[in-house]
Structures are given as structure tokens and as C-alpha cells.
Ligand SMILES: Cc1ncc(COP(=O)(O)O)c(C=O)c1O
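Shown here is one chain on its own, the form predicted alone, set out as C-alpha cells.
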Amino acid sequence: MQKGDEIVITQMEHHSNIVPWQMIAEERDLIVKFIPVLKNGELDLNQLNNLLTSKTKLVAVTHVSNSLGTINPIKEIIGKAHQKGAVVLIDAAQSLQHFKLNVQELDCDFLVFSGHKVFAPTGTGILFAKENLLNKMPPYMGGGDMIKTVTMEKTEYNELPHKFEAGTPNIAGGIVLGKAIEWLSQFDLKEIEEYEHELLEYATEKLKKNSGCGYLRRGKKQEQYFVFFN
């Protein structure tokens, strides 16, 4: 990324998908743009067409909002970004435990989630990226294991994924993360999604009878979320 290049995110992002881009934007004199959120809690994708330019290098968007619960049409967003030559990062921290995700079908360039969102230990997580992009990227940290050969004159970096794993990794956390994913994989996520929807319908009917809250509708299923007030 060079001076004047653009990063597009949304107004509904978790801090973890805002602050890193603001930091690198300040470091390299980049521009961070935000896809606005409509009153119904959905992204204004009409504005996305205006925000994407030839200078857009990265689009980073949450699959499911951690506050609103909005499910974003990430496949559509990925397609629009790729048309402009931008790469796309999907924050799947709020969606992986609810939906089956296929990165090949989505054609996302990066996908990330935190381990504790799938009942694994804190301080663990997953970064998926397309191999050609990982090969182009330099290590973000130096140390043991991320090198193939070291001489006084030059260091040759290791192959993937070791190139990005400097020093002693969180071995125990990684093992438990794998076991947590195996445990979660035994369940039918479609059944879980349907059960969660039943709970939503039940809670919606109860909350509608409460005079201390108002609600808005969102999404094709006309799901609802509530705003509480004094």
C-alpha cells in the first residue's frame, strides 16, 4: 500500500477490524473509508459502489455484526471489490459457529476468527489467506522457526505456514483449538441456526409486549432487534 491508497471497512465493525487499519493508515498515509449503515441495520451497498475506486486496495468487512446481528451479503461485497482489483478480508468471528463457510465458494482473500468464539482458549485464532498472497507477504515478526537458513549476510525465510510463526508457538492452545473445531463440526449448523431463529421469535414476541423498548426489522427473514430506552 502506497500513500493515498484506500481501505474500505464498514460502520458496524468490531474495534479489532477498525483500529489496525487506522494504525496502518496513519503509518503509510492511507485513506480509510466506511460503508454506512442504514436505519434498518443493514449496510448501504449503494454507497459501496461509490466508495470503491482504483485506489481501493483492501475491503475488510464483518460477516455478522457483533452488536446488531446483521448478516452481511459478503459474497456480493467480495464480487464488487474484486471487480476493482481489491482484496477482501472477512471477519468471521461472529459467523463461523452459526453457518458453514466455504472460502473457495466465497472467493475471499482472507478470513479470520478468534478461537474463543468456537469454545477454544483465548489467545488463539485462525488466519486463512490465499497461498499466492501469503507467499508475497513478508514475515511480520522475526525469530526462530520462521527461517530456512541464516548467515551473517542474509536470511532466507521458511515456507508456509512457518514463515509467519516466529518463536515458540502456543502449542497447547493450538491443540485445543483443533479439538474445539472438531467438536463443533459434529453438529448440524443448519439445525442450530433454525433453533436460534425459534429463540429469536420467542424473545421478539415477549419484548414486543414490553413498553420499555422499541424494535426495527432487518433482513429478508424480517428478523428484529430491539432498542431499549428509559
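From 1 onward, residues are counted along the sequence shown. On a predicted model such as this, the values are computed, not experimentally measured, just so you know.
There is another form of this protein, the form predicted in complex with the named molecule, and it is not shown here; the text below is about that form.
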Do N158 and the named molecule come within 4.5 Å of each other in the predicted complex, heavy atoms counted?
no
Is V32 part of the interface with the named molecule in the predicted complex - any heavy atom within 4.5 Å?
no
With the cut-off set at 4.5 Å between non-hydrogen atoms, does D109 touch the named molecule in the predicted complex?
no
Any non-hydrogen atom of A93 within 4.5 angstroms of the named molecule in the predicted complex:
yes
Any idea which of 73-81, 131-139, 148-156, 109-117 reaches within 4.5 Å of the named molecule in the predicted complex, heavy atoms considered?
109-117
Looking at L200, I181, V64, L45 here, can you tell me which has any non-hydrogen atom within 4.5 angstroms of the named molecule in the predicted complex?
V64
Even though the chain is shown alone, can you say which residues of 6-21 have a heavy atom within 4.5 Å of the named molecule in the predicted complex?
H14, S16
